[in-house]
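Starting off, we have a lone chain in the form predicted on its own, written out as structure tokens.
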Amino acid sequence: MLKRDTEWLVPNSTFPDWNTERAEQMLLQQHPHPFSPERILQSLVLLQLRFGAVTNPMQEWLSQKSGVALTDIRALMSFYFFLEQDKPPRYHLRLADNIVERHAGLTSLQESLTHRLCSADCRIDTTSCIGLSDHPVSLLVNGFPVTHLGPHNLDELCALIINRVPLQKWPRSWFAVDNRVHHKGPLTSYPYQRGKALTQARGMTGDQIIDRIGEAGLRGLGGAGFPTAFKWHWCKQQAEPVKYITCNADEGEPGTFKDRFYLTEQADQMIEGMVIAALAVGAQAGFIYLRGEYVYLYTHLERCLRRWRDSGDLGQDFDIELHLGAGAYICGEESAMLESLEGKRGIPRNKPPFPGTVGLFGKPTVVNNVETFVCATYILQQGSAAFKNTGNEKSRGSRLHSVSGDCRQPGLYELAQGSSLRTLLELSGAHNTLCAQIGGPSGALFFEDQFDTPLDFENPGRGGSVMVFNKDRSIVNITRHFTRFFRHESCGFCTPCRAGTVALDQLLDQYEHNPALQAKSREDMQELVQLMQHSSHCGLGKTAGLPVLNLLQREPAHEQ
């Protein structure tokens, strides 16, 4: 069995010189066939982690070793935001540029850093979200999180960088990420016993496992809410003997960080859920697609997988590979994630066919997110009734909510499906609240007269991510930030999304700053959003106009 070496994946501020022998040895430690075409993206990611960048000579070497055209490798380099070809600085800072971080003082901190570090061996960038909105202002330094940046530690941070102090010698407390759940429920407090659910599953047929999941009423917790049992049953029914299980751990919605808890605290439950799904559908291999912003969890997850292999529960009839994303929000869409797993650009596929029929490498594939697999383990260990008896008739169970923004206690809250937004706001200590964005930028914006709305599958937003805004905030500024997020994250494949997100941004500026054209701007934005919803290639383009619609539905009742 291959023993993957991840000991070099630690906080680091120096990188070795490019060496082909060292590079090949490192890649072979991670996978027996690192130069196969489907492994090219992972090889690029791992080379960058090892050497700090993937320079032109490195790209040429990889092209020669793999037989993949250099133009195709460069297409990957340009598509994935985190892949770099320039010589790396000693310190690469990526600040989270979410609206929550902006309200917490991001702009002034970024300006101060840029001024004070202008002559240091340092590069300062922003990225949409790093999964740390409950720890504002946060940043990644060479891929590792530094939380709660502010005036109290800005001087020390700059001094460490200016004096070229190795990252390993920085205060360890700076890298601490608090995954504490402020309000627990069944999923976060039950007495999990490693392997118990899997033992239950091994005494059942695949159909019986699927029936158990169906009896519980589990629906996908990644956003769509599709019945999990139906998805598994559809995959199982396919005559193709080769099947796959994929775990989408690419939670890229700004303001979302619940998977960070599961990946850190309940990785075993996630892995066990994937093995149970494999037993149910007859799959031979599984993949965890981990967002690039969570690279600091890579070693932890590999160790968890190794424990399961050492116990004999992985590596025989079914094994799981861990893949790293490289900074592409679109890869959270299931078919774009599959394309990325195949080593390609993450361009969403046309549907149908759906992954259950034609998925990874053209084979039937189950795609679920982290929380869904965790729930599957809970159901097999605790029983269907334990899950079904929580929640409401159409939305069973409970779920974890990521709460950030204007509240006294941002963080994680597990509530039964159907609990009201008002309950969540009260638990988190929100006050003087103007509105809350539910389900990320593509979700719903709820105002005070909507705070009693249940957070479940039957209502807009559906929960999972809750960004709270008090009455000092501007609705137009919030909308503009979300619109620019979609503009930045569009993969550019289809014209309605590529051009539409740019036009929406421009029309929104016109709507705010030119009163004489406000009525016309409103009409044009509504028409453009309808066009994008009906003609965009994938869900990003179809939902990119929702923040604008949320704004227009409330104006002029809620002026900025």
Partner chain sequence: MSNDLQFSLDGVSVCFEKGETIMQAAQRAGIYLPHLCFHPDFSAHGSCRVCIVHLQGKTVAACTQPAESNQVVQSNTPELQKARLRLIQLLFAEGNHYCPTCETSGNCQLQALAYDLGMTHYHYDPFMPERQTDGSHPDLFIDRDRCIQCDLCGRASAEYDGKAIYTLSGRGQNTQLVFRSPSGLLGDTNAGADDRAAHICPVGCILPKTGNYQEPIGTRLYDHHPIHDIGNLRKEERGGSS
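Positions refer to the first chain, counted from 1. Just so it is clear, the model here is predicted, and its values are computed rather than measured.
The same protein has a further form, the form predicted together with its partner chain, not shown here; the description that follows concerns it.
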At 4.5 Å between heavy atoms, only one of the stretches 75-83, 441-449, 200-208, 105-113 reaches its partner chain in the model of the complex; which one is it? 75-83
Would Thr495 count as touching its partner chain in the model of the complex under a 4.5 Å heavy atom rule? yes
May I ask you to check whether Glu489 falls inside a 4.5 Å heavy atom distance of its partner chain in the model of the complex? yes
Does the 4.5 Å heavy atom contact test between His537 and its partner chain in the model of the complex come out positive? yes
Can you check whether Gln510 is within 4.5 Å of its partner chain in the model of the complex, heavy atom basis? yes
With the partner omitted here, the residue among Arg345, His481, Arg462, Lys236 that in the model of the complex has a heavy atom within 4.5 Å of its partner chain is Arg345
Option touching its partner chain, based on a heavy atom within 4.5 Å in the model of the complex, out of Gly143, Pro136, Gly327, Gly391: Gly327
Kindly confirm or deny that Ala176, Leu338 and Gly359 each have some heavy atom within 4.5 angstroms of its partner chain in the model of the complex. no
What are the residues of 502-519, in order along the chain, with a heavy atom within 4.5 Å of its partner chain in the model of the complex? Val502, Ala503, Gln506, Leu507, Gln510
